[in-house]
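Alright, two takes on the same chain below, each alone as structure tokens: structure 1 and structure 2.
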Structure 1
């Protein structure tokens, strides 16, 4: 069986999700005597093909100025032509901002069953099962494709480990772009960086991360006081930014910043996967949360299960006391 993996790149960089997916594809290929085909669409991306060739049995390279920047509509046209021709057993796409825009419409066009945001894939005989998280990450679901022989999956970023160089030495095959005209109904017009704030949280040695548990913007100063006492900077999880309680440049996580401080003190953060992916490289993680089942405790080395409104002021006082001693 052929496993077709769509490589992803952005602004001149091959994105890690590409190798994560190819590594997962190799596991499946080993169990099914399958072949891995990486598909690379873009313009001036030949270098990426060389990298991908180590992780795939074959690399299909389609270069076209119309594919220079990601455009789900253009990608869909190219991929649907390619998939119809090759008829792979599995199509693997990243559950990224690009993949989320592309995969569902492509699946409908090709009449393929689709499971998105997969953490893992299991193989049992001829059947593929997708493992996903549902209900705030508290529950896992095992999904099948109702007996279909072919399927499409999108894989969650950072969910699969990148294998050591797989040395597959795949051949790079250049394919002509099937795009004949410009897509004029959906046009990429540029990138925009999030505005830089007064502090760069990626440079801080100590971060006090605050989450939804803070409950009200009026409680943010309490966190700032703790951060000041401990000599750190305040960062936050997504809900705090969504509610405009702190600016976007303080957000840690896949859609915010990746941080690796010496200490990450998570306060009132439940620990959604997307947040953990942005901070699990920290040297020491300490979590304060009232829910003993919060996933943050699985990422932390130390935890306190308690009401943050009681612990945080006490901690601030203790730190000031010890500093003064």
Structure 2
């Protein structure tokens, strides 16, 4: 059983989703006696291949000036040819802006069953099952592929942990690009920078998440001061966005972003399952809530049952005191 994983890179950086998928592929390969093949498309990306070799039994490197920047049409032509030749049992692609543009058309061309936005994959006997959410994240379902021998999945970013000890030492094989002509009906024109002041909460090591318990938008600066003190970024639950207290790009949860920081400090967040699904991969979760029965405490390693308006200022002052010392 071969598992083909498409590595994703952007603006000179290998995306973490690539290593997350390869780590999950290793779990599946161990249970099926399978092998992992990473596919790397681009131009001047050999260094990425060296990194991927630790996480795969083989790295297929295809370099072509036409692949320097992502273009779903070009990627589809290359991957289609590769998949037809190798006939892998599973193809894994990130559920990112790139993957959502690429995977559906590729699956249709190859007549492969496709499960999108998967949170996990499971093996039961000889069958692969995808775990994904339906009804706006209210229900997790275990999806089968109706006995299909081959399938394709897109994996949600930050849903899988990156294995720290993978040293597979896979061979790097250079493959000739099948592209013979430029694709002029769909071109890459450039990246649009985020507006000044916006942040990518998915890349933050420390997040201070705020929920409806903050009570009033005038109290947001208090949370921002705490985040600044600990070197973090402010995020929030959906009610805060619905009330327009913080922008949508700060929302954590099934209808927001999935995050995996080293520290997630949840302030005034009750812990609805939609929110927990977006942050339960955090290395350390600390919760502050006056309700001892709040679901957030079931996910947290440390909890403070108290009034956040007393705890947050005291915590900020103590952190600043320690930093000064």
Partner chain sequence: MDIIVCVKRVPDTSEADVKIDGSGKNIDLEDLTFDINEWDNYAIEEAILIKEKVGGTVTAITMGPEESNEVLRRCMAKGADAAIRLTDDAFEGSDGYAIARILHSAIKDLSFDAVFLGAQAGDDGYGVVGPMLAEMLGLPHATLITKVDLEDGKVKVHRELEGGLEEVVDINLPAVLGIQTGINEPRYVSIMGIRKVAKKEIPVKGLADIGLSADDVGEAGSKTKIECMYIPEVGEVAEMIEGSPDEAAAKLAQILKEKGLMG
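Definition used throughout: the rigid core is the maximal C-alpha set that superposes within 1.5 Å between two forms. Positions refer to the first chain, counted from 1. Everything numeric here is computed off the predicted structure, so don't read it as measured data.
Of the two forms shown, the form predicted on its own is structure 2. Annotation for residue 203: C-alpha shift of 2 angstroms or more between the two structures, rigid core superposed.
Taking the rigid core as fixed, one finds a CA shift for residue 44 smaller than 2 Å between the two structures.
Relative to the superposed rigid core, residue 258 undergoes a CA displacement of at least 2 Å between the two structures. When the rigid core is fitted, residue 237 shows a C-alpha shift of 6.7 Å between the two structures.
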